[in-house]
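Next up: a single chain in structure tokens, the form predicted on its own.
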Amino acid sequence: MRPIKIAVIGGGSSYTPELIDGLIRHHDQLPVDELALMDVDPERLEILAGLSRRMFAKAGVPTRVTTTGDRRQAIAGAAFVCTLVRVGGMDARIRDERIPLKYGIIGQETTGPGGFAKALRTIPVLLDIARDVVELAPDAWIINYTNPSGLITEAVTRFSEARIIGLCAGPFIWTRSVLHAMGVPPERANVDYVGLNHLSWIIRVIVDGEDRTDDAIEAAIAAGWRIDGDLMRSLRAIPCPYLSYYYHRERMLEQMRTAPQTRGEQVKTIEAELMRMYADPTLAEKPELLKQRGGGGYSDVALAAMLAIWHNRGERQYVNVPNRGAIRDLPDDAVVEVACMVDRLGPHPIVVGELPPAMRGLVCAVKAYEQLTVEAAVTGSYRLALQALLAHPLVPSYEVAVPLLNELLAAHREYLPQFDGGADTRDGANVFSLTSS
């Protein structure tokens, strides 16, 4: 077997121990020779490299951990390139959450204007990574866990030749949670899952060949799902928890407005403590506190994708992938989150057909927003950025969208060079000279 090198771009992420844990558990199936950790923060990089080496040593796994601040060096010769990038760090996330709340709009890391701002910052960076992968590791697969995962995957598939799978632990966690609530082992069930990243539904649950969807809905309701039970019965589907931002908008907005901290502020505190723990030279395992950080399941979905590709398994997984006719209501190049068969050629989406009418309008509206956001991120077009916000169901009007966009662009100016001084700005002015009105 040829040597396996995995590069982790953003190797100083607090999620890295999750990946190490998975590589240890699956070393017999994916014997990684080198794990190349790359990060722009040298202090975090060395902390995570030290913990990774201790975890491998404790497990008796001979994987060599290398570190670099040079992205191209990390990528060269890799079989898989895992991306765990947060442009602007946690402070940028907090701004993404706080600024929309000023305008009476949900502020969230991936949904609505917060996810929009993160996408504008992040897509150019991921496209740079993709270009390096095409040049230095042309056979490699990008295993993306950077949010917003669906928009990142769409940008890379549309504007590069790189091979990418967009991951989210949500579908894995939510489908397993429903089956657990039903008392059904996962190997006995097929779960049809459809939509976009963080905008998706469980639409059918088959157990031992029998349609048990109604039982699944009742089990989810009894388990305290975040969506109203009568609504789920009406839809005859189980919405992912992120759909509470649409179905229960006022309630979720009020919770965010009255909360003493945003989720980003909570995570910043947790991450500071995690880094302190990771730096402890006696620590050689992922700490329990990591569960509070969120992102559980990352190791499971990342390793599942890599193993299915490496061993040509043809395994059923939920990933973000170009539509290719899976959902008839959307263009073939639109990235969707559906069940796929994953083998050495990557993910092959399983045909869903037409979306139920109760879901179709929301999915199409958000996909229009996503495609406009990708175009705006790539071109630095103020006009397209404004159109993207106006297309989003959570943004109420032009009168709100304009000052909201101006404030988001100004707040993240240092991470948005594509918008600085471009010709396509309002009234021909520099975008960053515009202020909220």
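Remember, it's a predicted structure, so these values are computed and weren't measured experimentally. From 1 onward, residues are counted along the sequence shown.
Only in words, not in the display: the form predicted together with another copy of the chain, which the text now covers.
Chemist: Of Ala259, Leu307, Leu289, Ala358, which one comes within 4.5 Å of another copy of the chain in the predicted complex, counting heavy atoms only?
Modeler: Contact residue from the list: Ala358.
Chemist: Ok, Gln255, Gln73, Ser177, Asn190: which has a heavy atom sitting within 4.5 Å of another copy of the chain in the predicted complex?
Modeler: That would be Asn190.
Chemist: Please tell me whether the candidate spot formed by Arg251, Arg328 and Pro331 is one where all three residues come within 4.5 Å of another copy of the chain in the predicted complex (heavy atoms).
Modeler: Checking in the predicted complex: Arg251, Arg328 and Pro331 are all within 4.5 Å of another copy of the chain.
Chemist: So in the predicted complex, is another copy of the chain close enough to Gly314 to count as touching (4.5 Å, heavy atoms)?
Modeler: Judged by the heavy-atom cut-off of 4.5 Å, Gly314 is in contact with another copy of the chain in the predicted complex.
Chemist: Can any non-hydrogen atom of Glu399 be found within 4.5 angstroms of another copy of the chain in the predicted complex?
Modeler: Contact with another copy of the chain, yes.
Chemist: Asp230 versus another copy of the chain, in the predicted complex: is there a non-hydrogen atom within 4.5 Å?
Modeler: The answer is yes: Asp230 has a heavy atom within 4.5 Å of another copy of the chain.
Chemist: When the contact criterion is heavy atoms within 4.5 Å, does Tyr298 count as touching another copy of the chain in the predicted complex?
Modeler: No, Tyr298 sits far enough from another copy of the chain in the predicted complex that none of its heavy atoms falls within 4.5 Å.
Chemist: Look at the stretches 108 to 116, 200 to 208, 124 to 132, 142 to 150 and give the one with heavy atoms within 4.5 Å of another copy of the chain in the predicted complex.
Modeler: Only one stretch passes the 4.5 Å heavy-atom test: 200 to 208.
Chemist: Is any part of 352 to 375 within 4.5 angstroms of another copy of the chain in the predicted complex by a non-hydrogen atom, and which residues would that be?
Modeler: Residues within 4.5 Å: Val352, Gly353, Pro357, Ala358, Arg360, Gly361, Cys364, Ala365, Ala368, Gln371, Leu372.
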